[in-house]
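Before any questions on binding or motion, here is one chain by itself as structure tokens, the form predicted alone.
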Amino acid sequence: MRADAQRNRDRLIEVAHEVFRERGLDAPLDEVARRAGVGPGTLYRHFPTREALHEAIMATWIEEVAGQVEKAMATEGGCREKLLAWFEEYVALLTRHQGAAAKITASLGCQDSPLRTKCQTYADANESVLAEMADNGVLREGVDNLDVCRLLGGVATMADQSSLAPEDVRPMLDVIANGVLKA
């Protein structure tokens, strides 16, 4: 790919992130092109469909999720602090784009969803955190990863739709942690 074409592609991904964050995943693609300073033809040459643009954003996002898991697991303190740090990151990631929390949470466990890759990324990340809790002997018996993801997604949806501040979300995450960890 020519250097100028690569710059345009990178700029489109960056701007799409911003536009989707502000206006939701269904924001007009023409706005993405306009803000990136390119014509609609350039956008559609790089990303023939909305899904193709979402997938390009996804590739960088998957790496970010893995980094957030590592960050949470490096949190000072015990397992509860690490788990809550991850829960906070999970909610922050889900609420980054307006309306995404509800769409992704509703698609969890749905194998034919167009959001399957994103859902699987969340589920895999959460599973790795729960596995660490189990390895440390603090995870309750019978805790199901998909159930925890759906609970976190419910909190994220509430936060997204009512514009709750992180400090107002934390008590709800404490309740989930109480159900996940042994007393």
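From 1 onward, residues are counted along the sequence shown. Keep in mind that what you see is a predicted model, and the values were worked out from it rather than measured.
Just so you know, the form predicted together with the DNA exists too; it's not on screen, but the next bit is about it.
*Asks:* Specify the contacting stretch among 127 to 135, 38 to 46, 53 to 61, 146 to 154, defined as having any heavy atom within 4.5 Å of the DNA in the model of the complex.
*Replies:* This holds for exactly one stretch, 38 to 46.
*Asks:* With the partner left out here, check for me: in the model of the complex, does some heavy atom of Ala183 sit within 4.5 Å of the DNA?
*Replies:* Outside the cut-off, so no.
*Asks:* Contact with the DNA in the model of the complex for Pro28, defined as at least one heavy atom pair within 4.5 Å: yes or no?
*Replies:* Yes, Pro28 is a contact residue.
*Asks:* Does the DNA come within 4.5 Å of any heavy atom of Arg23 in the model of the complex?
*Replies:* Although the DNA is absent here, Arg23 would touch it in the model of the complex, with heavy atoms inside 4.5 Å.
*Asks:* Relative to what is shown, are the Cα atoms of Leu151 and Glu51 closer or farther apart in the model of the complex, where the gap shifts by 3 Å or more?
*Replies:* Closer together, by at least 3 Å.
*Asks:* Would one find the Cα atoms of Ile104 and Phe47 closer or farther in the model of the complex than in this form, where their distance changes by 3 Å or more?
*Replies:* It is closer: in the model of the complex, the C-alpha atoms of Ile104 and Phe47 lie at least 3 Å nearer than they do here.
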